[in-house]
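Take a look at this one chain, the form predicted alone, written out in structure tokens.
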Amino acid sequence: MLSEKYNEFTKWVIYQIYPRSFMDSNGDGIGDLQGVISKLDYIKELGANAVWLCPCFKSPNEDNGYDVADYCDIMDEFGTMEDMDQLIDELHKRGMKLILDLVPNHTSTDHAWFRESRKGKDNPYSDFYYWFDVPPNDWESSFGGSAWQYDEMRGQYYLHTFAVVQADLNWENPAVVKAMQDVVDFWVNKGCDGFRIDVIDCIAKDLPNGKDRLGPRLHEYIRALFGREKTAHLFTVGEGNTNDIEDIVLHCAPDRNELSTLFIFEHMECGRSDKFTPKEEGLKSLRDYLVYWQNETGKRDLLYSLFIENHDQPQMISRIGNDRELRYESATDIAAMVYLLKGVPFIYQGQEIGMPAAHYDSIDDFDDVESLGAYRKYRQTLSEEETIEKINFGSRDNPRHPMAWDDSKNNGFTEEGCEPWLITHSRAEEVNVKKDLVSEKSVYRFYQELLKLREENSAFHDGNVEVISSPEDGCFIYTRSAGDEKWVVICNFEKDQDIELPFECELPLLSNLGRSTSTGRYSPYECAVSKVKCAAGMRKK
């Protein structure tokens, strides 16, 4: 059983928005906060009751808002603080929560703290960043090259774990800790209900020896932000770089007073050998990761984050499903596999209509800095055609294309005479909200039914999970139970097969292909959810 502290969060359904690409309200080709406000009813009708906004703080946008120039102001392209106040108010009117993206490891070099810090050693912000006369180690930036940059004005080197324009904050300075507490409190006072924390495990450094980037005071710093009485009620999800269960316990156990949960990214490797190279895998690969992490987090009273896509990850159905002839079946089957498990669901914009990965023939159609760097690297040894295929597969532009609301010229994202900040999705005429909502096979309507089922039945909140299929079965079958209530979720994989259950079920309450019985012949990517009348083991023909 999850602790009372976490059990409430299993009732949340979080819809992730990439504001730049969601909805443009003023015809400048860039999504904004008023655009988000205009679509809140769409999100609520889906069944989500919380919104996670990717970075919207003031920024020069060298790294799409993850280079913050002012934590307490709004990015010019997105609107004003009055727009944010209105968004918070409109969310709360609808009984919905707001989760903001917090970037505590680094700031933009345009931030006032850095501009003051680089002036010299005798000012209040001198030690807000890591400065050395000579680089104390050979660390490399995650974006390539040295992590140390010489600054002419200060006459010293500063640390940047990521881009040169993203200077790492020195959390060993108590003034930095206090400044970040003030940032969190500013937004809590405005009504923010939680935070997604970017690269949380990077904030503590092991300097100057440089043997281990993860410093020993990490958990102390996290508690300084979220272990206080003012912040203990918040929902917090960290982006880290660990798949070690004992490390996850240190971050997320209820008595630690740190984070509510961490994103565990291991299953995001499904269907690929590396970021830009596909791997022949099907739904079983996802099933195996899900089973492992349900077991590991369940044994330790941890809240698990249920997600399959985000702003950095190309669409899952294009990697391990059939995103053409069986796009609807793949999208809905994967949804049932994931979102009826124990944990807190995260749904990324476009996922609810089964948006697949895009495809373009020219590198000129790509914007993502990581993809452009990969293109230059692969082009040294591969043909243009081979290189473009890799970029199409792995580009972070895939989830960042403007949301496809309809089949008009700019797909309803912005005015038709305007140029969107990023090229519209190559399959937007085929897959868009307007078309999906009137389709006989609507991914959106399936998500609605699934999330309603989850909301109305307590077994899907904190109920037990029991996997009753075997890894080799070619399907994923599990039950959710709480008290006298028990449900069975059946998700077939790529091949049709006969499935029988050892217990009697009521008629399926949820089915992507309109099944009238829980047993019998299942088509590829077919799923069904039924209430169990009685229980005992399971057999499959």
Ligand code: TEU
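A residue's number is simply how far along the shown sequence it sits, counting from 1. Every value quoted in this text rests on a predicted model; they were computed, and no experiment measured them.
The next section is about a form of this same protein that is not shown, the form predicted in complex with this ligand.
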Fill in: Lys44, Lys342 and His461 each touching this ligand in the predicted bound form (heavy atom, 4.5 Å)
no
Worksheet item: Ok, Trp131, Phe143, Tyr444, Tyr360: which has a heavy atom sitting within 4.5 Å of this ligand in the predicted bound form?
Response: Phe143
Worksheet item: With this ligand left out of view, which of His401, Arg327, Arg196, Lys97 would have a heavy atom within 4.5 Å of it in the predicted bound form?
Response: Arg196
Discussion item. So, Ser260 and this ligand: in the predicted bound form, are they within 4.5 Å at any heavy atom pair?
Written reply: no
Worksheet entry | 4.5 Å heavy atom contact, Arg319 to this ligand in the predicted bound form | no
Item to complete: Tell me, yes or no, whether Glu370 is in contact with this ligand in the predicted bound form, where a contact means a heavy atom of each within 4.5 Å.
Response: yes
Practice prompt. Answer for Gln351 alone: is it within 4.5 Å of this ligand in the predicted bound form, judged on heavy atom distances?
Written response: no
Fill in: Per-stretch contact check against this ligand in the predicted bound form, the hit in 480-488, 34-42, 512-520, 59-67 (non-hydrogen atom, 4.5 angstroms)
59-67
Worksheet item: Within 166-182, which residues come within 4.5 Å of this ligand in the predicted bound form, counting heavy atoms only?
Response: Gln166
